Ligand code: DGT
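This document starts with one chain, in the form predicted on its own, laid out as structure tokens.
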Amino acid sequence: MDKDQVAAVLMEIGTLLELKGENPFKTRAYANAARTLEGLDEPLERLLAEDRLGALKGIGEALQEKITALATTGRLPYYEELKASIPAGLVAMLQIPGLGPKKVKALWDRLSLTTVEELEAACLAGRVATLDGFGDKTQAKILEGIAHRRQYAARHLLSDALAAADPILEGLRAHPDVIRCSSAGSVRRFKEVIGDLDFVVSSKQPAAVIDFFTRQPGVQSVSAQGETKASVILAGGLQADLRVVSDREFPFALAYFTGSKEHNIVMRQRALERSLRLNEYGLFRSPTETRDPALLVPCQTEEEIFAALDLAPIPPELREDKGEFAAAERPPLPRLLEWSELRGSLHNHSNWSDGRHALEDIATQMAALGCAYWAITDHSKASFQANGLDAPRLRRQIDEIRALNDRLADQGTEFRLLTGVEVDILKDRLDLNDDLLAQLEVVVASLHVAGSDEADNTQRLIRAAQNPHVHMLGHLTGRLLLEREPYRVNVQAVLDACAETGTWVELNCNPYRFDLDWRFWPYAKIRGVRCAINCDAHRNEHAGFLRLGAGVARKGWLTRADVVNTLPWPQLRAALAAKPNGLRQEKASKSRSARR
């Protein structure tokens, strides 16, 4: 196991010990050791080889033995025995919002509840509300959490779907009997949450392709297998469907199975209006359903299908019947953003707050990836659980980043770390004063604790946008996909305020967020609000989220011109400086007008 895998096991041991009611110092020791490993700037293997593990803070002899066993063998009998001693359903309960180890232990001890189903029945019977430390509100929230969990049980994050789909697609492309192949469905349309995977393949030997598909390494079971199609269940319960067609049928099948359903309905209607029939088998000159090859309108690609229906080609991400047809009737469609046009991320964390890596490690990695800049926006002090920075620590970090940039410049490196902060939006103010914010190159303002109602949340965000030192609003609705619903916010009102103040809005491309939702970006574009596609990176590998963010941005109709972090550093620096200067000029103009 690598250091991250070992750290994950140590964290789980701490949780399991807490469920058993062990000494809190013992449980915290495992959590602290896990965080120590996560923060290492070198491989765990090197520490073990050089016998330096014991020199790490908080790792005594017993923990050294356990970490060594996990790292070298991948197993730990102590962990396996501990896990077996606790009902698996207790760990599942921890996934319900508001239930931590102490509450789950209380439910186990006092009501003998060991599964989510038993917990739900106890809540419905009113038994949970009677327990000390729970009450009616907690009981109601538990029921809401169970319902939410059940609602999304068959749904999967886009990132997980892509991780499962990519190796299957690569395998299909390499198969000698495959002519053309593609993913389809909601993954190809870059929906943020998907139900299953779809693949379309053209081949003269469908049986061989079907057999290959059902034998992929990640397949746990085969749900259905026929002559031209198959369904399998992958790890994590994700279903994958394959359709094999002739190469003549391929573009029609790909368009049909890409969808969306609403988009396909309009496409079929356009065909009927032109005395044609469109289905997954072809485009036919026929008033009735048919598969007669003699009536086929030949199309080698999806682009030719669109052309036959008097449309410019519509990218898969836009196929939701949300304006794409009107745009395709008046070509050309806008050239959507490409992920390679992004030059860096303006919202990221380091080990000064809750990130994994040190400043120099981040700079080295992001420069190696070809980024031009990377903003360090660690949490402010109100986010105490994330080790947020107070004013003195932030000033020290500013100095360190400037010194690091000087060293990089001396080495001939053009890459630049930007000073910044993710400042909490509090009830009536920002978490840091304006004098300090003015010293930073990038200020992201985020709502981490929702207000009492929609009006409260909306007003807080608008007030933050009106601050001359805030460049952008972070993860505007606070949603966590499949885990937490968005805060109640009047998004259009906030976007209107951003338009008036020149404040940017983040598309947070952490796969649990994708916030702001793609459905709001067309309105933001109309209002002239610019987007910053940010990783919200807490470790270096999160730089890969930029590709996901670009796909979701495309779904929101965003182009290169709409996204500020496509700019080279000199232009971005000017854009960052524009907001406070613009607001000062606007205020001065209003003041002069008032005096007149």
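Numbers follow the displayed sequence, beginning with 1. We call the rigid core the largest set of C-alpha positions that still match within 1.5 Å between the two forms. Bear in mind that the values here come from a model prediction, so they are computed numbers and not experimental data.
Below: the form predicted together with the named molecule, not depicted.
K.L.:
Within 4.5 Å of the named molecule in the predicted complex, counting heavy atoms only, one of 439-447, 189-197, 109-117, 400-408 shows up; tell me which.
P.N.:
Within 4.5 Å of the partner lies stretch 189-197.
K.L.:
If the cut-off is 4.5 angstroms on heavy atoms, which of these, R330, K427, K261, K137, is the one near the named molecule in the predicted complex?
P.N.:
Flagged contact: K261.
K.L.:
Go through Y256, Y512, F325, F284 and name the one with a heavy atom inside 4.5 Å of the named molecule in the predicted complex.
P.N.:
Looking at Y256, Y512, F325, F284 one by one, just Y256 meets the 4.5 Å heavy-atom criterion.
K.L.:
Taking any heavy atom pair closer than or equal to 4.5 Å as contact, tell me whether G355 reaches the named molecule in the predicted complex.
P.N.:
No, G355 is distant from the partner.
K.L.:
Can R173 be called a contact residue for the named molecule in the predicted complex at 4.5 Å between heavy atoms?
P.N.:
Residue-level check for R173: no, no contact with the named molecule.
K.L.:
Are any of the heavy atoms in G344 no more than 4.5 Å from a heavy atom of the named molecule in the predicted complex?
P.N.:
Looking in the predicted complex, residue contacts with the named molecule do not include G344, since no heavy atom lies within 4.5 Å.
K.L.:
Is there a heavy atom of R155 lying 4.5 Å or less from a heavy atom of the named molecule in the predicted complex?
P.N.:
Output for R155 is yes: heavy atoms within 4.5 Å of the named molecule.
K.L.:
Please check if E38 moves between the shown form and the other one, taking a CA shift of 2 Å or more relative to the superposed core as movement.
P.N.:
Passes the 2 Å threshold, so yes.
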